[in-house]
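Shown next as structure tokens: one chain only, the form predicted alone.
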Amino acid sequence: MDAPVYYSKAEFIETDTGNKVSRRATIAGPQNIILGGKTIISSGAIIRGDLRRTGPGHAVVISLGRYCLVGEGCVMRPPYKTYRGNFNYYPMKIGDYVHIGANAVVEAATIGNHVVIGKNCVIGKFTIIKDCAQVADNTIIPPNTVIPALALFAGSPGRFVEDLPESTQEMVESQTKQYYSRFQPLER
């Protein structure tokens, strides 16, 4: 078993559903963000739920599934485009068991389940990442890219490198669950 990863209890807010959100993270427009449960938002992460379509009422801008890890210094903001002269933001949907590395910038439309995004990555606007795909550290994915299931993308611009093994789903699921269970408050 891996050693615990301790965090300061004062720094993280734990929700009823087991989400652990750093007080040093910036959650803008929290009413427009859905966290599925057991998701960790690290310090310095910025999640922009305030960037949404104009109009009355709440709109889900960013939804994250269960057992997601948003690394330190990540920036997540919804993709946007101008259509028929109107500037609009579009929702971002992220599945379960998704690990987003430190300092990644994500403007994807959809990220599937069991996806690993390395550190220092840039995921361009309206990118679609299918289940069990991986993006290597320091990769830049151009806007509107579709990353197929069980594919590893790397480089700048990000390109297909190799197919991932069928066991990727189980490996990513156990890694994200283990990280969550190792992420323990430091009692003072």
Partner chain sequence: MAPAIHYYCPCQSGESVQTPPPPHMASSSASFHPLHCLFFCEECDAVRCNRCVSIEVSGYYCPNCLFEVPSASVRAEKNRCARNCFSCPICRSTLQVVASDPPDGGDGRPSVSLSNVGEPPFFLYCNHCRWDSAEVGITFEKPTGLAAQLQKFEDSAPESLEFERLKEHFEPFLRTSSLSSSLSHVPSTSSHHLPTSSATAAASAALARDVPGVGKYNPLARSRVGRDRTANKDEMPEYKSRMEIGVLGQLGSEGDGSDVEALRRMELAEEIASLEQRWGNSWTTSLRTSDLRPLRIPLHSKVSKRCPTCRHILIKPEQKAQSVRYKIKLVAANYLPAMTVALPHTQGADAARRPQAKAPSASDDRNAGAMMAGKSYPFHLALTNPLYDPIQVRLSVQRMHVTAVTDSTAPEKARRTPFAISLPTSSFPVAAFAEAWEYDDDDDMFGLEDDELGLEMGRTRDKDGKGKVKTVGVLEKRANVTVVGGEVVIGKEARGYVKFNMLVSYTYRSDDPLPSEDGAGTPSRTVAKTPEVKTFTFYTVVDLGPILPREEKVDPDI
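This one's a predicted model, so the numbers in the text were calculated from it and none came from an experiment. Numbering follows the first chain given and starts at 1.
The form predicted in complex with the partner chain exists for this protein as well; it is not shown, and the discussion that follows is about that form.
Quiz item: Using 4.5 Å between non-hydrogen atoms, is Arg66 touching the partner chain in the predicted bound form?
Solution: It does: once the partner chain is placed as it appears in the predicted bound form, Arg66 has a heavy atom within 4.5 Å of it.
Self-check item: Gly101: touches the partner chain in the predicted bound form, heavy atom cutoff 4.5 angstroms
Solution: Residue-level check for Gly101: yes, a contact with the partner chain.
Quiz item: Should Asp131 be counted as a contact of the partner chain in the predicted bound form, where contact means heavy atoms within 4.5 Å?
Solution: Output for Asp131 is yes: heavy atoms within 4.5 Å of the partner chain.
Self-check item: Partner contact for Val116 in the predicted bound form: the partner chain, 4.5 angstroms, heavy atom
Solution: It does: once the partner chain is placed as it appears in the predicted bound form, Val116 has a heavy atom within 4.5 Å of it.
Quiz item: With the partner chain left out of view, which of Gly29, Pro143, Gly36, Gly44 would have a heavy atom within 4.5 Å of it in the predicted bound form?
Solution: Contact check passes for Pro143.
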